Structure formats: C-alpha cells, structure tokens
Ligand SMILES: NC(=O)c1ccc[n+]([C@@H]2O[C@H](COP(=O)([O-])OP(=O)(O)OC[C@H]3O[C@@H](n4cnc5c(N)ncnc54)[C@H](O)[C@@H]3O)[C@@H](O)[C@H]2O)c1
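This document starts with one chain, in the form predicted on its own, laid out as structure tokens.
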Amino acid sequence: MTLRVGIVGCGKIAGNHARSLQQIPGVEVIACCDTDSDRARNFAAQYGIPAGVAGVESLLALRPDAITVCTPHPVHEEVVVAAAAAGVHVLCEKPIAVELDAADRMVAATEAAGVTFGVVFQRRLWPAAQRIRRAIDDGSLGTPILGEVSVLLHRPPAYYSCDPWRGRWDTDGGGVLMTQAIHQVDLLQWFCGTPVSVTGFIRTHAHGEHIETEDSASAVVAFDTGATATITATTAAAHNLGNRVTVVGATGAVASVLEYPEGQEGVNEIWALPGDTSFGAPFLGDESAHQDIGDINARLTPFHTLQIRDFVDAVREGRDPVVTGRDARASLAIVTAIYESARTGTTVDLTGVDLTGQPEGALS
C-alpha cells in the first residue's frame, strides 16, 4: 500500500526527512506544515510536496497515514498527541520531549490510540554502534563496567541568532545536552543499562550573549548493571572534534564509536576485544572547525533514511520501530536529571523513576 506521510515543522532537519521519505518506495509525502505559512509553502516548493499548510490541524485534515515531527522540542507533545487522536502514526525527532511527564503523556496517547510511535536516534543504526551492542549481548565485551561520552563541538553565534528559539529554556528545553549530546547519551544508556543516579553540572562559558541555557556540561551516571560513566559536552570548543562514546566491559574489552567530523558515520576508533583488536587514527584529516549545520545534517541523511524506512516497515508490519517512545524516554531522564542535579547541587536518584513508561513496579 502507499503510505501517505506529512512533515510537521519545516526547519533545517526537515530537509533530511523530506529527502529520506522520497527515497522509500511506496511512500508519498502529501503535505508539510509550519506555524510560518510562507516557510511551509517554500519548503513544499523546494521538495516538490503537493501542499504546504499552516499548522498541524490543517495537515491532519488531509488525512495522512503518518507524520514525522520536526518542530522545536517543547512542541513535540502537542503534535504527537494530536496525531494519536487522529489515528495517525508518528515518528518524532529527538528528544522525545523536554519533560518526563510530557513523554509519558505521548507514550500513553499513542498506545491508547494503537498507533506506531518512534523517535529519531539514527546513530543507533550505525554499524559501529550495532557492533558494540552485539558484543555486549554475546558476552565478548562483557557487562559494561565503565562508560564515557565526549561531545566537543563548535557552534558559532550565528547558529543561535539565526534560530532565536535555540538556547532558551522555554523553546529549546536546554542547551548542548538537550540538542546535541542527547544522541550520545542515548547510545551510552543503550550500552550500559538503566540509569539509577546522576550528578551533574552545567555552565555557559562562550555563548552567554546569545543563549540562556548551557553550552557546557559534565556529569557522572551510575547504572543498574554496576557501570558508572562520565559525560562531558560543549558547543564552546574552537575546533569541532566530534562525538565519542566509549565502553569498558567486564572482560577488560574496550570499544568506542567516534563521529568525526560531526555528522559523519560513526566508526569503531577503538576495538580492543579478546583476540580482536584494531585502532583508528581519526584526527589526521584536514577538517574545518567551522562546519555549516546544513552540511552536518546532510551527512546524517543516509541514517535518517534507514530509521525512517524502519518506521515505515513497522507501520506496515504492525511491529515496534527500532527506537520506540518508551526507549527514547531513558535518555531524556538522564538529561533532565543532570539539569536537576545542577539546580539543586545534589545527586538525583532515578531508582523511583519509571524509565520505560510501564506501570509502577514494572521497571526492568
């Protein structure tokens, strides 16, 4: 059957969704929408989409089978819940929301409506990330005992000034943690298990004239597996050195997935498992420190396509997508706990937080 799909929000990342959807057989992009009607019409013309309308209600009135959500983070809940009420399947950009209660309402609404609900964390589909997950599952890496996230990015002032919603608590929900590092936080918890406590710090060192949220953060996370991990993230680096997630296993094995330059497919820079060892030399190229966000997003398109294709297949097959709303909630729990810890100066206990959206007592 032909799957009729609409795109909600016509900002920068929406281009990835349009390009990806148009590569999938049996998918027809019927419309896009934005609160700025001119931007919706221009986006429709750019990508050959039949209709560009103002607002999600107008798009849902066209009766799509599914939508993808590319709005600013705090708007995700409103759009997903409206789609669920209309019986429309939803694939939402990360983060799922900016508050755990909102994420819970989104999961509840889509499950009650019986619609498919997925969240974009396309880096899980990198072969290098899948390889680490398999090594954990088959025991060759062993139970994770230590993890590390390093996000060392450059963002110029224009990145924030061109999109005034960025870097504000009310419209962005956070800074480097919520917008950039949540991808690596997602990989970390996918590898290491369920988080049980978080201690964190946030600072604004370089972009204080342009944003009210953090441009730098550090945290320590403990997991139910016994693993502990550190998270460091910034958009204040002069050179964009990309993103890395490293895991040490109980066998003594060490594996990492490195994204450099930013947006490039991640590679196993370190792969030191018993009897199977290789190392990469990632920083030998002549990469510019000042990469355009459009170029970064464009490099991610192939893995957007993989995840969107999986979502389309999940709708057709009546199964869960590769990353569900429940899955996406765990990384949000870590990020919001870092903010809470920074605000209160205390360690945040997550053992009473339902990270899966399950009924109380069903936490795995």
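Treat the numbers as computed from the prediction; the structure is a model and nothing was measured. Each residue number is its position in the shown sequence, starting from 1.
Same protein, other form: the form predicted together with the named molecule, not shown, and the subject of what follows.
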| item | value |
| --- | --- |
| Contact check for 149, 215 and 245 against the named molecule in the predicted complex, heavy atom at 4.5 Å | no |
| Among the candidates 31, 300, 333, 315, the residue which, in the predicted complex, approaches the named molecule to within 4.5 Å (heavy atoms) | 300 |
| Contacting member of 240, 234, 256, 122, with respect to the named molecule in the predicted complex [4.5 Å, heavy atom] | 122 |
| Residue 163 within 4.5 Å of the named molecule in the predicted complex, heavy atoms | yes |
| Contact label in the predicted complex: residue 94 to the named molecule, heavy atom within 4.5 Å | yes |
| Contact of residue 183 with the named molecule in the predicted complex (heavy atom, 4.5 Å) | yes |
| Close approach of residue 89 to the named molecule in the predicted complex, 4.5 Å, heavy atom | no |
| Stretch in contact, per heavy atom within 4.5 angstroms of the named molecule in the predicted complex, of 192-200, 127-135, 114-122, 248-256 | 114-122 |
| Within 4.5 Å of the named molecule in the predicted complex: residues from 49-86 (heavy atom criterion) | 56, 70, 71, 72, 73, 75, 76, 78 |
